[in-house]
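Form predicted on its own, single chain, as structure tokens, below.
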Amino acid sequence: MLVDRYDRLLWGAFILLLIAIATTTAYSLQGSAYVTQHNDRNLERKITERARFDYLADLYAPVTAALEAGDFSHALLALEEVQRSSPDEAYGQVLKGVILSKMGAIDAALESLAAGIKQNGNYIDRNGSLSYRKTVIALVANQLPLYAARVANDAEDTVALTTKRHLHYLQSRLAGGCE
């Protein structure tokens, strides 16, 4: 079998070819396993996020129904009831800010919105199912010049200063800034 130099060279080349095929197959399998595992994590993350949003939509359904009906006082009452069971949920803070802004309590609304979005920035994402991005954009665009003028006229107006800080925070989050 290994009679001469040509036979040894031929067998050496054959063994190297088998090693190359085995190595390539192993890397290919590892790559597909990585892709599968990565896709599984993305899918799992999307399912978890979707389940969370569905849960929140169901939990806060009485609040959003009253809000959409324009019954802001009932929306606040329903929100207080929900917040007893989930007091630290950022979505409740965001909803409270939206309700208060519709009631004209802009200072408190911006404070609540900033707190909710600071806790979870998903509520101003462009593609989020529970996003209030348009509401926040409108509030920042309408209120920032007013509060800037108030601060310019009276530098010791602490309420205006605090609200202006909240507006700048929301503006930076809308622009893609983070904590």
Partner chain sequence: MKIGYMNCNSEAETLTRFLPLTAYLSHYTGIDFEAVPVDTHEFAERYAQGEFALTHSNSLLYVQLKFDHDLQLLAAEKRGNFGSRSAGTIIARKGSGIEKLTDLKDKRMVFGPMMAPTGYLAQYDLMLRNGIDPERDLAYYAIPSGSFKHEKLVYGLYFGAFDVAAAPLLDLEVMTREGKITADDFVILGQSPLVPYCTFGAAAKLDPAVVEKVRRALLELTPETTVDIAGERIKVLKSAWIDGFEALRDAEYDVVRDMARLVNMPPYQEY
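Residue numbers count along the first chain shown, from 1. This structure is a prediction, so every number in the text was calculated from the model and none was measured.
Below, we turn to the form predicted together with its partner chain, even though it does not appear here.
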Is Arg150 a contact residue for its partner chain in the predicted bound form, using a 4.5 Å heavy atom cut-off? yes
Any of the heavy atoms of Ala108 lying within 4.5 Å of its partner chain in the predicted bound form? yes
Tell me, yes or no, whether Ala78 is in contact with its partner chain in the predicted bound form, where a contact means a heavy atom of each within 4.5 Å. yes
Could you tell me if Met103 has a non-hydrogen atom within 4.5 Å of its partner chain in the predicted bound form? yes
What is the one choice in Leu17, Val159, Leu10, Ala155 with a heavy atom within 4.5 Å of its partner chain in the predicted bound form? Val159
